[in-house]
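Just the one chain here, laid out as structure tokens, in the form predicted on its own.
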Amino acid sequence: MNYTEEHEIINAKGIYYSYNGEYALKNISFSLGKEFMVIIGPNGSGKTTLIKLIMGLLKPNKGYIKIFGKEPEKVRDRIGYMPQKDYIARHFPIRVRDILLLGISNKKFIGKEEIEKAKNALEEVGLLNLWNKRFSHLSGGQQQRVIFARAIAKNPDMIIMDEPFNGVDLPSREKILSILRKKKRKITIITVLHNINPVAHDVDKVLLLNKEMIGFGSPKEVLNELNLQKAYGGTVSIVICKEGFCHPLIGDTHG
């Protein structure tokens, strides 16, 4: 395989993955460079399974996936991951600084360099004043910004986010989006969303999924009534804005 990091950061070919003999993903193929991609689809469509495969947390039953030209598990340190905020127990007595530092290094002793990176990331999301606060005392939007800061703290070459805007206030969403816009074209950005509308004008690629790949391409290419009906079933309403973008009106929640 000829590999050029500029144009082919992810190369997935014929991926199949099953749980207990039932396929969660079937024949998924796509490639991605330094682009902003959104993965959308109904509950149970395989969105989270796909990002776990990209991160090397799962291995495909068939097919292959290469990240930066290597096996995903070998380049995990180049990926910043933002899970849903519910992965941290609400009453667990962990401080903001600890969440950041645990995301940067797995060393026993944290040095000045790690602390500086953590503080810089927290400052970038506008929450440096919360460095010593307990995570459980923060608002939902602040918690999400802290988890995002954790993902960007080590200056990764790829950011993967799982429903980053769920239960997030508008200022926090806009803060996260403004940072992603600055990083766009410099790194690869992948996010799972049930509602693409907040980022429809920002993304380069959409992967529409329902166990199989319904569509992959620009938002204008993928988000049409036929593809959305294939993915979600029934009738999906679409609003076309003056810039010509299709905005699907989908009430689905993450799964």
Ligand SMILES: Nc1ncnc2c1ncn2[C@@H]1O[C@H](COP(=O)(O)OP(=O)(O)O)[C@@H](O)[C@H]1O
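All of these numbers come straight from a predicted model, not from anything done at the bench. Heads up: residue numbers just count along the shown sequence, starting at 1.
Missing here is the form predicted in complex with this ligand; even so, the following discussion is about that form.
Q: Test of understanding: in the model of the complex, would T49 fall inside 4.5 Å of this ligand by heavy atoms?
A: Taking the distances in the model of the complex, the answer for T49 is yes, it comes within 4.5 Å of this ligand.
Q: Since only the chain is shown here, I'm wondering whether N43 would be in contact with this ligand in the model of the complex (any heavy atom pair within 4.5 Å).
A: Flag for N43 set to yes.
Q: Should A24 be counted as a contact of this ligand in the model of the complex, where contact means heavy atoms within 4.5 Å?
A: Although this ligand is absent here, A24 would touch it in the model of the complex, with heavy atoms inside 4.5 Å.
Q: Would you point out which of 200-208, 35-43, 216-224, 64-72 contains residues with a non-hydrogen atom within 4.5 Å of this ligand in the model of the complex?
A: Only one stretch passes the 4.5 Å heavy-atom test: 35-43.
Q: Residue by residue through 8-40, which ones have a non-hydrogen atom no more than 4.5 angstroms from this ligand in the model of the complex?
A: Contacts from 8-40: Y19, N20, A24.
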